[in-house]
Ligand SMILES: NC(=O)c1ccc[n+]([C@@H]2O[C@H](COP(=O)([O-])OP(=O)(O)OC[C@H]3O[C@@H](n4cnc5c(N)ncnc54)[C@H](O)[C@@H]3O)[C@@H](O)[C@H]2O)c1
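Below, in structure tokens: the form predicted on its own, a single chain.
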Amino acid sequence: MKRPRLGFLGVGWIGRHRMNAILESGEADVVAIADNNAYVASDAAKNAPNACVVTSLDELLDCDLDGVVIATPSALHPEQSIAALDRGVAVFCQKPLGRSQLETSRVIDAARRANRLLGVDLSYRFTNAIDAMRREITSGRVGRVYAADLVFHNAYGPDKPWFYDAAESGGGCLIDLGIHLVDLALWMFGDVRAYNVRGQLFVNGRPFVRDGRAVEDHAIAHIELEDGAVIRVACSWNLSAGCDAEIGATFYGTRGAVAMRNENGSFYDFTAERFEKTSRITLASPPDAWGGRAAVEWTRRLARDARFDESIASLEEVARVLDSIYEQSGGQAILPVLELSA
């Protein structure tokens, strides 16, 4: 198989981590790097000495790429992804793919139109813990799954100013952390459609009203699926959690349950278990170097087949659920949408 030629747009901490994971895998050649900070770009290039350093997406796309990895502020994701896809270049983008269902759908439509592979870095799908839980569910060992509880509480807020501007980020903790929870839940249930969504958002302990600028720091949602199952989601920034983070997901079935939790407040170490009445069986435990696994898997798929994969369309339902929760916060229900390519 041909090794894909990749470009990287945005090589801050997360972009650089994904680049290094792909380099360590040996699955692709990094041929071009772009970042609006020249020092950051040149420093990242030390790990990819054969890559040229450029200053814009247009220059990046002129480098004869098979794929581009995008790790820029959220408001830029749709425009940049569509520009790459329209040039026939596959895309792996940080989440969220768009700040709304409309933006998300337009990127997916562009990938379908270009017949190019599109991936999104929903990295928790690729942890050993979640993989083990999903195998238990799909095998039927826990019976019919009818309820789920998922949480992601971060004792810190993001360190980049753009996260706190709704026009740039699309929202606060819900779109930053809650997107992982909603995605995992719908994916575990087999991408069943939600028919009733109720949510409440807070900022500084008070009900949040969406004004297109400020963002929420705590979100709670109740999601009912068409098959009758119920999902409860809670996420936050800067919560007094007694540790760095509280991350967990439990899925309840008619013959048992499966659950994952982070160990000792870690953002990276997870244990998964299957419960049968009062007994428990460990399914997965640390260590697990999962951070760049989604990017590496996308790269492998790109080497095998660069064509569009329809499974990415499930992210439209994730975005629709998030939109529904935001719309219940009143005020400005829909964020300004960037002018995107046709």
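Predicted, not measured: the structure shown is a model, and the values here were computed from it. The first residue of the shown sequence is 1; numbering continues from there.
One more form of this protein, predicted together with this ligand, exists but is not displayed; see below.
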**Q.** Heavy atom within 4.5 Å of this ligand in the predicted bound form - residue from A71, L186, V215, A84
**A.** A71
Q.
Considering non-hydrogen atoms and a 4.5 Å limit, which listed residue (L315, A34, L302, V30) is close to this ligand in the predicted bound form?
A. A34
Q. Is Q80 close enough to this ligand in the predicted bound form to count, meaning some heavy atom within 4.5 Å?
A. yes
Q) So in the predicted bound form, does any heavy atom of K160 sit within 4.5 Å of this ligand? A) yes
Q: Verify the contact flag for G170: yes if a non-hydrogen atom of it lies within 4.5 Å of a non-hydrogen atom of this ligand in the predicted bound form, no if not.
A: no
Q. Can P96 be called a contact residue for this ligand in the predicted bound form at 4.5 Å between heavy atoms?
A. yes
Q: Given this ligand in the predicted bound form, answer whether the residues L9, G12 and D176 all have a heavy atom inside 4.5 Å of it.
A: yes
Q) Where does this ligand sit in the predicted bound form: which of 102-110, 161-169, 217-225, 241-249, heavy atoms within 4.5 Å? A) 161-169
